[in-house]
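The form predicted alone is given below as one chain in structure tokens.
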């Protein structure tokens, strides 16, 4: 059980590697299939239920350019699994190489506390929080397009733009009136 490190391996030419972490694997496979259809660059998609990743194939595993935690807001287990997996990431990943993707945000059974907890987690880690419609093929395509944009930057395929710069532009923010200490 070691930390997943962003810069421990050399990158491959014109290749981007993404790790999709979802406890329930509902949306993960649809999103992976849509991501690999990208033709401008080679996109390698790795799937995991949680972190840490197994040690037995660590040598052959490529450098992971972006880690995406897919969280089903109707399941407390999904959020808790993602939160527990964060400790297995090297702090270097939080410099623009991690994002959260929430599904089922419009579902009637979503508690507002779950959404607020996810937003607070994304804010505390300075990570983007994306919302995805996982019930339709168009939702998977739209989500894949947004992830590809972030992935190309995180893997260094977009000149003059860094993952940290993009992360600062897209990170999740909280309104000042929600559980934020006032320094007045």
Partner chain sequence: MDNSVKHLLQRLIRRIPASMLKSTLDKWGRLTAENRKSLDFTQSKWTIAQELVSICEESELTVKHITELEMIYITENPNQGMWHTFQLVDPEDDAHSVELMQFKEQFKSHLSELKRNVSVKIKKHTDEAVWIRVAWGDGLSRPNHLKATYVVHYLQTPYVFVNALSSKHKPLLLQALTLSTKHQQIKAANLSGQKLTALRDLLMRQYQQVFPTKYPSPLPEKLRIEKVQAEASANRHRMAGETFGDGTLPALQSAVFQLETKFKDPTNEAMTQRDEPFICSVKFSSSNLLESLRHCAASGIASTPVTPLLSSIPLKGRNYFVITDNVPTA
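Positions refer to the first chain, counted from 1. Everything numeric here is computed off the predicted structure, so don't read it as measured data.
The same protein also has a form predicted in complex with the partner chain, omitted here; what follows describes it.
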{"property": "Segment assignment from 139-147, 155-163, 42-50, 114-122: heavy atom within 4.5 Å of the partner chain in the predicted bound form", "result": "42-50"}
{"property": "Candidate spot 33, 60 and 77, all three touching the partner chain in the predicted bound form (heavy atom, 4.5 Å)", "result": "yes"}
{"property": "4.5 Å heavy atom contact, residue 25 to the partner chain in the predicted bound form", "result": "yes"}
